[in-house]
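Laid out below as C-alpha cells are two forms of one and the same protein chain, each shown alone and named structure 1 and structure 2.
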Structure 1
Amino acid sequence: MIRENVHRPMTTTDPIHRNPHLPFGDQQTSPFYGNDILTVNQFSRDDLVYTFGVAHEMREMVTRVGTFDLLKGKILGNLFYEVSTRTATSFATAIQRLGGSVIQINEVKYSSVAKGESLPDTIRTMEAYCDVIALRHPEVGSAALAARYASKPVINAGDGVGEHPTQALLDLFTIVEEQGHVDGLTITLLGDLRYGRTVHSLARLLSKFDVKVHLVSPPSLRMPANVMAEVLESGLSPTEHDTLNGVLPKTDVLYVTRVQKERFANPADYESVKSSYVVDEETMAMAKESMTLMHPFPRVNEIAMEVDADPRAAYFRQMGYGMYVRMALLAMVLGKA
C-alpha cells in the first residue's frame, strides 16, 4: 500500500478529540496532533491508510538505519494497571527507536472509590512528567475516562474486555505489509471467535475494506451477535463454518486464535473439535503459496512449531509490525508525522 497524502483530522465528533493539547512547539497541523487513540472506531479508512503509510516508513527506517531521533526528548508514560509484558515492551521500544524514553509504571495498586488514588488523579500526576501516556487498565472505559482528564495524548493499550486498538491496527498492518493490499482479499478467522477480543476488533476494521471474510469456529464459539450486526451494517457479509477444510484453499490470510478447553461445558465436545483448530504442516500443505498465517500470541499448541519455518508463518513478524504501528501512532499524536 502506497502512502496517500491524506492530511485530514480524525473523523470523530467526540469532543475530547477536537482540541489538540500538546505542550511544545510541534507541528500543530499534523492530522493526529494531540489526539487520543481510544478505539478502532475512531479510524476512518483514510485514517488507516495514513497510519499504515507512516508505519511503513517506520519499518523501512528501522530496517535500514535502526533508529532516528524524531521523538528525541519525548517521554512515554507506560501506565500498566495490569501486566502485559508484550504490549508494554512494544510501546517502550517504539518510543526508544525514535530517540525518546519511557517511564514504566507496573501493576499500579488498583484504586477503588473508598481508598487510594483515583485514575483521574494518577493521570494528571503522570502527565506532569510525560509527553504521552499508554494506559492498560482492567476496566472498560478507563482509557476514555483518562483521556477526558489528561491534557497530553492518551493511547489505549487495552481496557478490559473493551478495546485494544493498537493490537487491531497491528493485525491489519500485518495484512497490508504481507499481502501488499487489503481490498480483494479472502480472510479467514479461525478458532474461538466468541471470546477473542482481537478478532472482534479486526472484523470491525476489515469491514471498512472490500474483503471476503470466513468465520471458522465451533458452533458454541461463534462471533457474538452484536459484533456480527455491526459488521453486517458496514457492508461485510461474513460466512460461518465449522471447519477450515472448505475455505482454506481460497484463503489469503488465516488468522488463528486459541480454542480453550475451559470454554466447553462438555469436555467430550472439546475433544471432538480440537484437531480442527490446530494448524500444522498438513494444514499448510493445503493452503495457498501466498497465504499469510497470523496469530495474536502467545500460542499454546494451536499452531505446531513445525510451521514456524514456513515463510507464510507471519506471527513472529507480527510483533515487529506492532512496534512499527506504535512508533507511527506515537509520532502522529506528538505532531511529528
Structure 2
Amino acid sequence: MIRENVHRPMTTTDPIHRNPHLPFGDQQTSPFYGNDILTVNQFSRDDLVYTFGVAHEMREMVTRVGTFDLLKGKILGNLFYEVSTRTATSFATAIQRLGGSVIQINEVKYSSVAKGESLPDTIRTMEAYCDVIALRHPEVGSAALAARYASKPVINAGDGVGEHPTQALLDLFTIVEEQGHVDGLTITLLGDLRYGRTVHSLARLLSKFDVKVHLVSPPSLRMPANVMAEVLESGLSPTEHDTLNGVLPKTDVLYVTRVQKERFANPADYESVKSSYVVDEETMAMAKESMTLMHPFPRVNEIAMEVDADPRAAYFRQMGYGMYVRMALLAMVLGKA
C-alpha cells in the first residue's frame, strides 16, 4: 500500500522553556498519530513544545516507576542497515520502558537483504509483524522511500549523510534541559559538518529560534550548500570559521562531531583532517563556566577523556535524554501521548 505522509501540526503557542510539562491526562490524540517521522522539517516550534512536554513527562515517569504499560502489546521493528549502538539501543529500551516489545535486526547481512531483497519488500515484510518501524539506512532518502510503501509509521533513524531527526530532537531537548531555554544562545557546531547528518538536522531545527550559530570545520568539511541555503532562507545566518579560538569564549553550547572515516572514499583525505580539533582541559579553560558540551557519539579522539569529569560535559546525559525523546515519539505516533 503506497500512502502519502500527512503531517498535522500542533497549534499551541507556549514558548520552549525548562521542563515543559504536559500531563497525559490532559492530552487528546497526538498530532503525530499514525504519521511517519522522516525529517525535522515536519516540526514547527509548537510541535517541539508538545514533543518536549511529552519527553519530560516520560523522564519523570521513568524516574518514579521505571516502566509502565502505555504501549503494552505494541511492537517496534528496529531495522538497522548500518551499525548502531546508541540509536538502536535507545529505541529498543524506549519501547520496552513503555511496556511494548522489539524485533531487533542489527545486521541485514543475516537477513533476506543479503539475497537481494529490495527495501520496499523488506519494509512490507517487517510491518506484517510490528506496529512501527525505526529505520537506519546508508542511502539518503531511504526513509522516505520506505514510508511510501509502508502502511505503518516509519521513523527515520538516520539515512546516510542526509538527516537524523530523532538525534536532532534529543539534541535540542538536551539544550533545553541543560540551558533552560534556546532563544538568545550562541551555539557552535564543530568538526565534520559535511558528512555529519546530526548537525544537518540540528541546524534546521535551530533555524526556528533566535540563536547565533557558528560553524567551525576544515574547509573540506564545511556544511553542505543545500543545508546552508535552507537555513539561510529560514532567517538563520550562521558564520563559518576554520578555528575554534575566536568563538569559544562566547559559546553557550559547543556541539562536537567526529570526522567520519567511513564516509571518505580516499583514506589519505581522512588522515589529513581526522585530528583537526581536539577539545581538552585547555580548551575547556577558555570556555564559559555555564557552557554545555555535547557530542552525538561515537567519540574517537575529538574530546579528551579527562574532560568527562567536567560538569559542563553533557554528552552522557544527552544519551539519556535520547531515550525520553524516543519514548515520546513512539507514544505520539502510536496515539498514546
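Structure 1 provides the reference sequence; residues are numbered from 1 along it. Note that the structure is predicted; figures quoted are calculated from it, not measured. We call the rigid core whatever largest set of C-alpha positions still superposes within 1.5 Å between the two forms.
Legend entry - Of structures 1 and 2, the one that is the form predicted alone: It is the second structure (the form predicted alone) rather than the first.
Inset, instruction - Determine whether the C-alpha of Ser142 shifts by 2 Å or more between the two structures once the rigid core is superposed. - result: Indeed, Ser142 is displaced by 2 Å or more.
Inset, instruction - Taking the rigid core as the superposition reference, indicate whether the CA of Glu82 shifts 2 angstroms or more between the two structures. - result: Shift of 2 Å or more: yes.
Inset, instruction - Spell out whether the Cα of Leu232 moves at least 2 Å between the two structures when the two forms are superposed on their rigid core. - result: It does not, since the Leu232 C-alpha is displaced less than 2 Å between the two structures after the core fit.
Legend entry - Core-aligned CA shift between the two structures for Val161 (Å): Displacement of the alpha carbon, after core fit: 2.6 Å.
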